[in-house]
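Encoded as structure tokens, the following chain is the form predicted alone, with no partner shown.
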Amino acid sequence: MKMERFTGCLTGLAIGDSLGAPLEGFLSFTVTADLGSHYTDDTAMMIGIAESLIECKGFNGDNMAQKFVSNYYKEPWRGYGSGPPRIFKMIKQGRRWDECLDKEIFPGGSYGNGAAMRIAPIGLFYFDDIKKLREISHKTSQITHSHPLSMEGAALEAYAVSLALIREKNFIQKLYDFTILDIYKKKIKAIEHLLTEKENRDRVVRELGNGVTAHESVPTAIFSFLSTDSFKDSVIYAVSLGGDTDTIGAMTGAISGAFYGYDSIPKKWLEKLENRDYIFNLATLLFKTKKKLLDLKIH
């Protein structure tokens, strides 16, 4: 566990988000290295998770939900989807975070990627306890996205972050063994054979997806990391696939940043990143909070 990988992960998420934001919704493949001037709800909600983990020294659903609500009402212009603001209003009016409130908006619950896009701090904080990582990923997701596809997508992204953090060599096999839903197992198998066809973007999008659902974006982010050899290349490739570019960029940036570390992020991007110092300091505090808990556990 190294601090530069914590800072790389959270900063990398914000970089990927900001790189993809100007291209969100584009159907064509566009290669860009130009960072947008603002990050979106992906980073804003990641910040809420990190703030809550630090403040509570672990997961607290009430606190985390209130962080989401508070950060939303401070900056409602971040590009939130239609569901979360309605859920935040319910929570503000006294509803509990664990009532699966999204099911009152979407039949069966939301299976979008809104939980996975923000989950990186959970992957960092619970990297040493896979069972806890899954449990907390699901609970964190449940605040706004309670469909099994969304909760498992969040857990898979968090686990990918944790594997990148420790630089796991058996990356794909570990992911395959971890996930419990067949659709994700099939996607991970697809990642394995697509790694030889990185330049065939049509096939990558056709088999892995580039949409707003969790199962059509989390595997794509994992592929974007695995198919490249640097932080810069991974996020540029991720957003080049079109579709939900900010979220796929954010998820790729989180995994890649956890693997390559903060110093791997191009300086010109860091200079342009909105709230760079706050995100860096937040990641540093998250690292110190986790380290202190580990030290207490050891002693």
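Bear in mind that the values here come from a model prediction, so they are computed numbers and not experimental data. Quick note: we count residues from 1 along the sequence shown, nothing fancier.
Omitted here: the form predicted in complex with a small molecule. The next part is about that form.
Comment: 242 to 250 is the region of 259 to 267, 63 to 71, 49 to 57, 242 to 250 lying near the small molecule in the model of the complex, near meaning a non-hydrogen atom within 4.5 Å. A residue is said to contact a partner when one of its heavy atoms sits within 4.5 Å of a partner heavy atom; G123 fails this definition for the small molecule in the model of the complex, lying far away. The closest non-hydrogen atom of H145 lies within 4.5 Å of the small molecule in the model of the complex.
Residue contact with the small molecule in the model of the complex: S82 places a heavy atom within 4.5 Å of it. Although the partner is absent here, M117 sits close enough that one of its heavy atoms falls within 4.5 Å of the small molecule in the model of the complex. Although the small molecule is omitted here, in the model of the complex all of D42, G109 and V212 have a heavy atom within 4.5 Å of it.
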